[in-house]
Structure formats: structure tokens, C-alpha cells
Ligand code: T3D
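Consider the single chain below, provided in C-alpha cells and representing the form predicted alone.
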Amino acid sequence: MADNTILVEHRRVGRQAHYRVLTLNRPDRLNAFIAPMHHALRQALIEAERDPSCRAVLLTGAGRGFCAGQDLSERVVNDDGPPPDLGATLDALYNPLIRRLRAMPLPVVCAVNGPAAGAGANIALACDLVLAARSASFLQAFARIGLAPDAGGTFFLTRTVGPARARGLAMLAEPLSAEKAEAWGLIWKAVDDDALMEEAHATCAKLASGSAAALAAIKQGFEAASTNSLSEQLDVERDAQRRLGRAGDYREGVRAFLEKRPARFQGRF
């Protein structure tokens, strides 16, 4: 990326597949977001999805933190100036990012290497698998500056930790440790600091070696389940199995199981 706010690295898995590592790269500002960083990250995600050999994405932060959310130096308003339209900022920047992370067929792993605050915490929660260093923390910082959670925070928190804990996290704006986030079911796993990136890369390599079509269907199925009735969700599962059962990856998976060998998946979502 030309402005260098997002670093992109390709990690190969075998001869035909790879995953991409996207690093938020404003370490002097705890990787707080500015508009060009949004555009760079959006483009990096689009390019990863369009690349037929890319099978997963790893999102992390440079330096001592994952992301401090919005860079508030872009939001300073003089007393005699017009008030900002923060809703327009969400419509233009944060909401499209969250929607893309949730809708893209590639699995997205987030390695939270330090503090994740405000929208930074909720961008992490929008990813499919969240690993965090034990020294990391999650902070719904919005109430501290007179705002309510955004970037999907009210959605993700109530569905992962329940309404009581969600309200506490949002209203009290107190940091949540990585270990408690794991215990509460907010994230997948808390990892020793010095093992975080090794674990994250191993997770991405495993995903990149899997069936791209199956992983995409898993994402789509869980996303639909957040609003579907049981009857509607059973139809989603039926349609996904019908589609997957006709694909080459299923045939290869069954053969590999019967032959007691690792499957060599080739399909694309």
C-alpha cells in the first residue's frame, strides 16, 4: 500500500495456496485509524478475496498494540465550529469494513498483540477467530468520550458475552483482560505473548490447507444463524450441504478419510 499504513505479506502453504498477513502499521499512534488506513485495509481485503490462491487472512498490529480505534486527532472540534457527523464516518468507513470482514468468504484470523480499544476492539471481534496475547486487553472506551459502542460492538458483545456483561463493558468502559475474554467466550484463545504470532500463523496455515468452500459455508451459516429461526437455519444447512456434497472437495475429503491420509483440497469458494 502506497501510504504504508497497512503492510501486506504473503505466506505460502504448499505449492498452490497461501494466506495474507495484513498489519495495521501506525505503531506511534497504537495503530489508530485515519481515513487513508481504512481505504488501504479495504483494498487489501478486496485483493485477498480476488486472489484464487489466497485461502485465509491474518490481521494484526505493529508495535505494542493492536488498535486504539479512531485517531481522535482527526476529530478535534472547536467550540465555535460545527459538530461532526460521526454517523457519516461510520457509513463511509467503519461499517463497510465490518460488513466486509463478516461477508468475505475467506476465514479471517485476528492476532491481538496488545491493547484493542474502541472500534479497534470491535474490528477484532468482527474477525472469525481471535487470538490474543495474555498481556492484551479489550476496552469499550466509547463512554469515556461521550459515545456509545459502534463498529458492531453492540451486536458482537450481546451475542458473545450476554447482555449483562455487554452493558457492564460498555457503560463502565473498563478493560477486559485477554484471559477473561477467553473465559467469557469473547475470543477463541489467549496465548502467551511470545507464542502469539507462531500460534496465529499455525492457525492460518491450517485454515489455508482446508476446504475453501466448506470454510466459506461455515462463515455464511453462522452469520445467517444470528437472525434466522431454527426452521430457516435448517434450510440454510440443507442448501449448503447440497452444494458442498456436489463439489470435488467433499469427494476428496471422503477418499482421504477412508485412505487414512491428509486431504488435498483444491476447490475454491
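One rule holds for the numbers: they count along the sequence shown, beginning at 1. Computed from a prediction, not measured in an experiment: that's the story for all the values here.
Omitted here: the form predicted together with this ligand. The next part is about that form.
Visitor: Would you mind picking the one in Leu186, Ala126, Ala117, Ala133 that has a heavy atom within 4.5 Å of this ligand in the model of the complex?
Guide: In short, Ala117.
Visitor: Could you work out which of Leu139, Met197, Met104, Val161 is the residue within 4.5 angstroms of this ligand in the model of the complex, going by heavy atoms?
Guide: Among Leu139, Met197, Met104, Val161, a heavy atom within 4.5 Å of this ligand in the model of the complex occurs only for Leu139.
Visitor: Using 4.5 Å between non-hydrogen atoms, is Tyr94 touching this ligand in the model of the complex?
Guide: So Tyr94 counts as contacting this ligand.
Visitor: So in the model of the complex, is this ligand close enough to Ala170 to count as touching (4.5 Å, heavy atoms)?
Guide: No, no contact at 4.5 Å.
Visitor: Even though this ligand is not shown here, does Arg75 get within 4.5 Å of it in the model of the complex, heavy atoms only?
Guide: Contact with this ligand, yes.
Visitor: Given that this ligand is not shown alongside this chain, does His201 nevertheless sit within 4.5 Å of it in the model of the complex, heavy atom to heavy atom?
Guide: His201: no contact with this ligand in the model of the complex.
Visitor: For this ligand, considered in the model of the complex: do all three of Arg29, Leu147 and Asp150 come within 4.5 Å of it, counting heavy atoms only?
Guide: So, yes: the whole triplet contacts this ligand.
Visitor: Choose from 188 to 196, 86 to 94, 153 to 161, 104 to 112 the stretch whose residues reach within 4.5 Å of this ligand in the model of the complex, heavy atoms counted.
Guide: Flagged stretch: 86 to 94.
Visitor: Just give me the residues of 51 to 74, first to last, that have a heavy atom within 4.5 Å of this ligand in the model of the complex.
Guide: Heavy-atom contacts within 4.5 Å come from Arg64, Ala68, Gly69, Gln70, Asp71, Leu72, Ser73.
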